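Here we start with a single chain on its own, the form predicted on its own, put down as structure tokens.
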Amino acid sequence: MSDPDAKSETVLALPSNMTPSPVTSKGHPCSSLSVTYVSRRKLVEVVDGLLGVMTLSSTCKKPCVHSGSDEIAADNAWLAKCPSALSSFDQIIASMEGKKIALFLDYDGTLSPIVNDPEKAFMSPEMRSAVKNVAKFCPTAIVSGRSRDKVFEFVKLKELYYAGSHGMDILVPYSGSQSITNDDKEAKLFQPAREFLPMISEVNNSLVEATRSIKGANVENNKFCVSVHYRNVDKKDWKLVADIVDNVLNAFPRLKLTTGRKVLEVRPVIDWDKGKAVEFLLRSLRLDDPEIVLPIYIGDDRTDEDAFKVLRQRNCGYGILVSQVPKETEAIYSLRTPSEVMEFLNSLVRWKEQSP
């Protein structure tokens, strides 16, 4: 997917009611976007917290098998709170009566399995077909931490909308147009963190060099964020990875550190996330009327919680968490695996095909 920046430098502006509030920061004047200073002390606290998260995320490398009544009870309690979207499908479609669906999908862990090599996170032909078919009936967007170009190369479906870098890189149509391919002159970019591109490139280069000696470490440049994967790093070196990332970020106070599934992510400190990306897409596509549109967001990661929270706060639509283990979540329903996601998508297609 070629970058349309070469064709046009025009970038869409934030809707007036979504513009981040200015944040004052010592020694770092605010830009046109919300940028806040993160002190060295705060970064150390974050890194210390990451080590706990990293340890926790390693406790179940393969699908968990319940081995006792306590585990079964905990699983049942969680499913009572966050029931299966498959088991609850009739209830879900009943709430869709008379409404249009707007579908949002994470990629890694949702449409593709989590793999050791992030460059090989391929979706199956069957999953691609399921996504393609459901997009015939409802507007469908991929909202991923990957760069927009990279996730398009995995998905390869031009009929979808794409929001990369956790929603910091969105390709949307002009008003009245339904096309969003990069080759279409009716499509425009929305990039709220555009001014950070040189900084992101610089920190990427620094992290590549700093982690070069750590076996298994993988630094991925996702254009508006940098992902440091530690999935293949020996557990004894996890703290070293966190310390290195912390040390590099010490020179970049306008960048923040967040976590995903065995990944540390460096992102601009702006008030923007997947939840705000969903709101922006709904507005841009004129799908923000809860009386006639029901949004559904399916994702598996901590970063997807921002989108789940938005739908819960709007009291419209459903967040669906993909997880094999109980988790605290803002989602309303759950699915266990990407194969269950595919089954859910196929069920939506069958329902739409049978609808009058």
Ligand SMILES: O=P(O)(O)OC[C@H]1O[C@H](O[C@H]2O[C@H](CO)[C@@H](O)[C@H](O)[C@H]2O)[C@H](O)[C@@H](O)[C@@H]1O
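A residue's number is simply how far along the shown sequence it sits, counting from 1. Note that the coordinates shown come from a computational prediction; the quantities given were computed from them, not determined experimentally.
The same protein has a further form, the form predicted in complex with the named molecule, not shown here; the description that follows concerns it.
Interface residue among 95, 116, 247, 213, judged by heavy atoms within 4.5 Å of the named molecule in the predicted bound form: 116.
Only one of the listed residues (279, 237, 273, 220) places a non-hydrogen atom within 4.5 angstroms of the named molecule in the predicted bound form, and that residue is 220. If you check the named molecule in the predicted bound form, you find no heavy atom from any of 104, 321 and 336 within 4.5 Å. In the predicted bound form, the named molecule lies within 4.5 Å of some heavy atom of residue 262.
Contact check for residue 188: every heavy atom lies farther than 4.5 Å from the named molecule in the predicted bound form.
With a 4.5 Å cutoff on heavy atoms, residue 231 counts as touching the named molecule in the predicted bound form. Mapping the unseen interface onto this chain, residue 145 counts among the residues with a heavy atom inside 4.5 Å of the named molecule in the predicted bound form.
Contact with the named molecule in the predicted bound form, defined as any heavy atom within 4.5 Å, is confined among 117 to 125, 249 to 257, 80 to 88, 95 to 103 to 117 to 125.
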